[in-house]
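What follows is a pair of forms of the same protein chain, given separately as structure tokens and numbered structure 1 and structure 2.
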Structure 1
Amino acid sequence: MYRAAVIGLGRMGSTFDDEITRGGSIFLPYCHAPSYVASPHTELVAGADLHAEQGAIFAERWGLTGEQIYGDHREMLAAERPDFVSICTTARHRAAIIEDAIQAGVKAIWAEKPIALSLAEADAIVELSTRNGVAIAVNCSRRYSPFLSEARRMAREGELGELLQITAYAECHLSHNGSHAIDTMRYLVDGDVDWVFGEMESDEEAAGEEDLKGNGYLAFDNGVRGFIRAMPTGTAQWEFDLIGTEGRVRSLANGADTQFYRWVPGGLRDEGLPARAPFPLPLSIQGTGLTVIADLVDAMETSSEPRCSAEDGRKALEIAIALRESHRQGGRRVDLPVADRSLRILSVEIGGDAVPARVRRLQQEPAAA
């Protein structure tokens, strides 16, 4: 049993699972605290948050005492000496807290996304974690989807033939939830991006550092080409379309439906027809958070990389920045890695982050109703 602690005791740290009332592509436990409680690998021993109210809710919910809740994460790290630490704070402070956790001697970190605001911060995290042998899993959780993992297996084992294209439809800000979309594209094609073209919402938006929506063309090092639409997508809600010469997998409606197509005899001049075939379903499905923890345990005990590593988190941020830089340069091609490491995107989640996200959401619900 590894000792686990959570820094940032709000929605993703503790209560996000309470919002899931219907089945879909999220399998519980999903967020951090309930996953640590349910996992056979971990014992939840502490939490830290600047907001006392969130600490009190966390302690009552997960059976901790007041002495196990801290207002200062550094104090908690020193006193509790956890093996595992989840970092679920606003992205404004995430990179600094990751560095604090590494310096405190933790063995594994499960961090929310984006991993940092700037490329320089992301570089520092990757270098420090590598030097200290600390496994970091970034919560781009679609890598842990049993359906997308199966699609990747099919692609890697040649069941789709030669991969040609990956298309993502995901209305989102390119750094915040764009981390999910960009990372999923990299995961499915098992490749790195060499260069991009990008189109942002407007010249004015692209000129600043705020998180923004956009579209892009991605050239992967294995010959696959990718398209991402992060501007409004209409009825194509968080969909991925992976196309090969011999097969195709489509993840539709935010993962609620996964389709597989392959060639069958027929068609004009008997050249063949693409026909839908049963998608191979997993034998069992465990909670997403349990999969992340098991992945981190394996990475920690075998000195391997987690399924979504700090390096993967850095590359998602870098691709988002490169797409914006392409627009800034009049739609020119931008090669990766990006030369200017001071570039950053101020993730949309940091807006109003003086108030916890859980509280902001509760305040917005009456207005939405």
Structure 2
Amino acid sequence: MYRAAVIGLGRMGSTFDDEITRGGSIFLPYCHAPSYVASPHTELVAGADLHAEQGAIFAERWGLTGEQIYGDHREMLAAERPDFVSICTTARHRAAIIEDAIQAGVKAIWAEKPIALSLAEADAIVELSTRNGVAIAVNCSRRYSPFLSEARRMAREGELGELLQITAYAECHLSHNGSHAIDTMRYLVDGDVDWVFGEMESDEEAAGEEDLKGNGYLAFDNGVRGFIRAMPTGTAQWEFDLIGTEGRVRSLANGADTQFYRWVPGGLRDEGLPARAPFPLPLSIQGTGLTVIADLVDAMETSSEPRCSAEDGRKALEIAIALRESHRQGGRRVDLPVADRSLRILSVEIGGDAVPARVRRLQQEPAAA
């Protein structure tokens, strides 16, 4: 059993699963503490958070003693020597804490997304983790969805023919949930992006560093073309459409439905028809978080890259930044990699992060009572 610790004991670190009443894009256990508790590979041994209220709730919920909760993550790393560390703090401090954890000798890091705010931070993480042989899985969790990984298997084994197009309708900020959307597009297409064209929601938003919505056109190195609409999507919510010459998979309504179409004889002028066939059901569906942990265990033991690696996290961020650069440059295509590594997006989740949302609520309740 690996010793696992969580840094950042708020929503993603601890209680996110309480909000989820339906499967589809994720299955439970999904977030960090419940996954470590449920996994046969790990035991949850410690938590760290600057805010004592978070630590108290965490200890009580997951059966840890007060000594296992630390105000300083460095102290926790030194005292507990965990094998696994989850990074569930605000993204503002993620890169620095990842570096501290690597320096402290952890074997595996399960990091929330986005991996970092700036490309320079992401570069440092990728370089340091590679040098120290630390496996990092970024929690772009659709890579661990049984439906999307089945779609990827179909694509890889040629069941969809030659891939042509990936379309995503995913209303989101490009760094925050955009890291999910962009990573899923890369995952399904199994390619890298050579260049992009992007349009942001406004010139003002594009000029700033705050997280923002936008649309984009992505040219992949394997010839596939991508279109992402992250501006409001109305009735087409969180949808991925993977189109090949012989088949097509559509993931609809935030993963609640997955459709498979294959090309069959017939149709107008006998050109063929897209016929809907049952999407292959997985043999078993386990919690998304358990799949991440199993993947990290495999990565540690075989020195392979996790399914959603730090490199994948960096590429999602770089594509988001390139889409914004395209708008900033007056609407022109932007080649990857992006030369200026100081570029960053202040992911929307860091807004008001001096005090965690739950602590703010706790502070308001006595005042209201």
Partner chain sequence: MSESRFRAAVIGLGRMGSTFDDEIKQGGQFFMPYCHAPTYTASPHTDLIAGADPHAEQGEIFADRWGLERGRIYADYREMLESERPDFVSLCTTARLRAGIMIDAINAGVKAIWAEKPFTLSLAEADEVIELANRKGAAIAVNCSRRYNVFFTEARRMVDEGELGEILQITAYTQCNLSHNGSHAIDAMRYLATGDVEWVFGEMESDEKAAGEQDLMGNGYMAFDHGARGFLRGTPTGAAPWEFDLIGTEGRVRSLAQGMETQYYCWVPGGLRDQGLPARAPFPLPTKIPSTGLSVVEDLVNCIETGRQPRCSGEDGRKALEIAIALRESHRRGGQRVDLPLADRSLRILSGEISGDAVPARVRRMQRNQAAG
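Whichever C-alpha set is largest while still superposing within 1.5 Å between the two forms counts as the rigid core. Please read these numbers as outputs of a predicted model, since none were measured by experiment. Throughout, residue numbering runs from 1 along the sequence of structure 1.
Comparing the two isolated chains, structure 2 is the one taken from the form predicted together with the partner chain; structure 1 is not. Once both forms are fitted on their rigid core, the CA atom of Ala357 lies 2 Å or more apart between the two structures. Once the cores line up, the CA of Thr15 ends up less than 2 angstroms apart between the two structures. For Ser25, the displacement of the CA atom between the two structures, after superposition on the rigid core, amounts to 3.0 Å.
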